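Form predicted on its own, single chain, as structure tokens, below.
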């Protein structure tokens, strides 16, 4: 069942390429604008913490852009209700959607981290730590963001409400992710921040799918 659900999500993703291209285009255009408008980032004339903070802020905004349409297309077409009713285990259906959303955004961001580091002037020594921070932190963004996406899926203009709901949930990941990158650049230990990011993602994995499923059911009842 899990395999068939993942195959279905992959086929949906292939047909809707804009859900992948648009957030990634926003991320790289934003990073390029920062590099042009603040060239001191590239020459490392300002604090390394600023570059790490900008990186994670752009990642959070990219996730918000991708989350808005996470369930909306299926909700509008009625496929979402049908999927939750016919699926043997609705929890697995929700988890497969979250995994595919992370694969199409968070995993691509991890793979693109060297280019982002160059644009934002991060040192080459910090590249492994930056990739580790993104690999540990982006699953939490997808998991926690899915809760807000499920609650706001029935709203005509839910983007602002979605941001208000999930940005407070994103703050711990933002703080420890940026601190991990900054610690790698200044020679400090990155193990504590990595452990915290991993715990946040594991906690989100334990709670977010159930909260998302409840949010989707509430949104369908209000339809």
Partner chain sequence: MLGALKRLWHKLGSPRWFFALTSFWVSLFGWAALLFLLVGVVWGLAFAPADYQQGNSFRIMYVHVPAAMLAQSLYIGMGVAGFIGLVWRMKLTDVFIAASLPLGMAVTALALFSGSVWGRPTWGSWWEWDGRTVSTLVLFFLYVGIYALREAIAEMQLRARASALLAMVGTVNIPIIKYSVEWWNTLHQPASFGLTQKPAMPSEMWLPLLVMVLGFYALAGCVVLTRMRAEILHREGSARWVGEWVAGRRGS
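Just so it is clear, the model here is predicted, and its values are computed rather than measured. Numbering follows the first chain given and starts at 1.
Keep in mind that the form predicted in complex with its partner chain is not shown, yet the notes after this line are about it.
Answer range among 63-71, 29-37, 167-175, 50-58 for contact with its partner chain, defined in the model of the complex as heavy atoms within 4.5 Å: Of the options given, it is 167-175.
Residue 209, heavy atom within 4.5 angstroms of its partner chain in the model of the complex: Residue 209 lies outside the contact set for its partner chain.
In the model of the complex, residue 195 touching its partner chain (heavy atom, 4.5 Å): Contact check for residue 195: no, nothing within 4.5 Å of its partner chain in the model of the complex.
In the model of the complex, residue 20 touching its partner chain (heavy atom, 4.5 Å): Outside the cut-off, so no.
Its partner chain contact in the model of the complex: residue 151, any heavy atom under 4.5 Å: Residue 151: contacts its partner chain in the model of the complex.
Contact assignment for its partner chain in the model of the complex, among 147, 122, 136, 130, heavy atom within 4.5 Å: The option sitting close enough to the partner is 147.
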